[in-house]
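Here's a solo chain for you in structure tokens, the form predicted alone.
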């Protein structure tokens, strides 16, 4: 009795799935898709001209660029965005010395406990601490940013498709609404408090342009000119490092592993030929 019921249930489920598929396919094939500004004018993200030094299977970190990117994050992005999965001691990967890391950590105030009263307080950071959030909680963050909570940037380049290029394009993509868009979609507009950006999926986002002028961040002597595009590329590279600090090491490890696998495959093939060389295949009689 149980088996026929199970067969009927399975058959019914299959019929429902088939009907849903047929209905969806028919709707897709017969209904015309209404064009939208978000679909027609959204641009795919891209990197700077020449790309990034860490791109590709043989890429390496540009340590100077990572340090410049950290400077841009600290002077521009840190006012709104946290970096909660990165500890100050991780800055050793950018070439900073132990003394520099201690000084950098001490320049931040992190949550702590007063040893005398047991009450919450703030203290200078230690290398083992993580970068503190600029806001005490999400409610305060939303209240200060047009009801939009700024995302944590620790893993942003892994959380977005083509993350490094996405960050670069978003930072350089602010501007007025194109005339072509106005002509094709006269009802489209950027609401008050939002900002037009063709690299954001719905074209309007709450974040105001963070990098607004060349020279907004002053680089040390010997570095490239701090143009909007240069600063955007630098902070995009830095956020790639925060998301995958072992990216280059992993790729460098992969090449010897690949070479070993190729060698082991060839060795196994030759061993098989040697082991079976004395065996003559049996011929079938007519």
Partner chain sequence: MSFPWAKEYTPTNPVMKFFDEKLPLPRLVYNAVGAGYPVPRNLNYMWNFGVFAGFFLVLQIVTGIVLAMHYASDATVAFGKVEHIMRDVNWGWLMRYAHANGASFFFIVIYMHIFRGFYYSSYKAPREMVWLLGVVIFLLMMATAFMGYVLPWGQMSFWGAKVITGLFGAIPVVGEPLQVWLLGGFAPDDAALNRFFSLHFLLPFVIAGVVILHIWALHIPGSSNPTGVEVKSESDTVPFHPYYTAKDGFGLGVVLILFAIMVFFLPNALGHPDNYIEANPLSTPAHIVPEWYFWPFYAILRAFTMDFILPAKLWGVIAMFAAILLWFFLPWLDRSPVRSGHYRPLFRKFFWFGLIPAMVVLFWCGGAPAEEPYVMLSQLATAYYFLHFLVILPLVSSFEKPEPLPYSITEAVLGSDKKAVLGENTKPAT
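These numbers were taken from a predicted model, which means no experiment stands behind them. Rigid core (definition): largest C-alpha set, two forms, superposition within 1.5 Å. Numbering follows the first chain given and starts at 1.
The following text describes the form predicted in complex with its partner chain, which does not appear among the structures shown.
key: Exercise: residue 224 in contact with its partner chain in the model of the complex, heavy atom 4.5 Å   = The answer is no: residue 224 has no heavy atom within 4.5 Å of its partner chain.
Exercise: residue 140 in contact with its partner chain in the model of the complex, heavy atom 4.5 Å = Residue 140: no contact with its partner chain in the model of the complex.
key: Any non-hydrogen atom of residue 232 within 4.5 angstroms of its partner chain in the model of the complex   = Because no heavy atom of residue 232 falls inside 4.5 Å of its partner chain in the model of the complex, the answer is no.
ask   = Might residue 57 be said to contact its partner chain in the model of the complex, defining contact as any heavy atom within 4.5 Å?
value = Result yes; residue 57 sits at the interface with its partner chain in the model of the complex.
Stretch in contact, per heavy atom within 4.5 angstroms of its partner chain in the model of the complex, of 69-77, 178-186, 106-114, 82-90 = The contacting stretch here is 82-90.
ask   = Of 146, 154, 198, 216, which residue is found within 4.5 angstroms of its partner chain in the model of the complex when only non-hydrogen atoms are counted?
value = Filtering the options by heavy-atom distance leaves 154.
query = Taking its partner chain in the model of the complex, which residues of 247-269 have any heavy atom within 4.5 Å of it?
reply = Going through 247-269 in order - heavy atoms within 4.5 Å of its partner chain in the model of the complex - the hits are 249, 250, 251, 253, 254, 255, 257, 258, 261, 262, 265, 268, 269.
message = Relative to the superposed rigid core, does residue 13 relocate between the shown form and the other one - that is, does its Cα move 2 Å or more?
response = Yes; that C-alpha moves by at least 2 Å between the shown form and the other one.
ask   = Does residue 255 show a Cα shift reaching 2 Å between the shown form and the other one after rigid-core superposition?
value = Superposed on the core, residue 255 moves its C-alpha less than 2 Å between the shown form and the other one.
request  = Taking the rigid core as the superposition reference, indicate whether the CA of residue 39 shifts 2 angstroms or more between the shown form and the other one.
outcome  = No, shifts by less than 2 Å.
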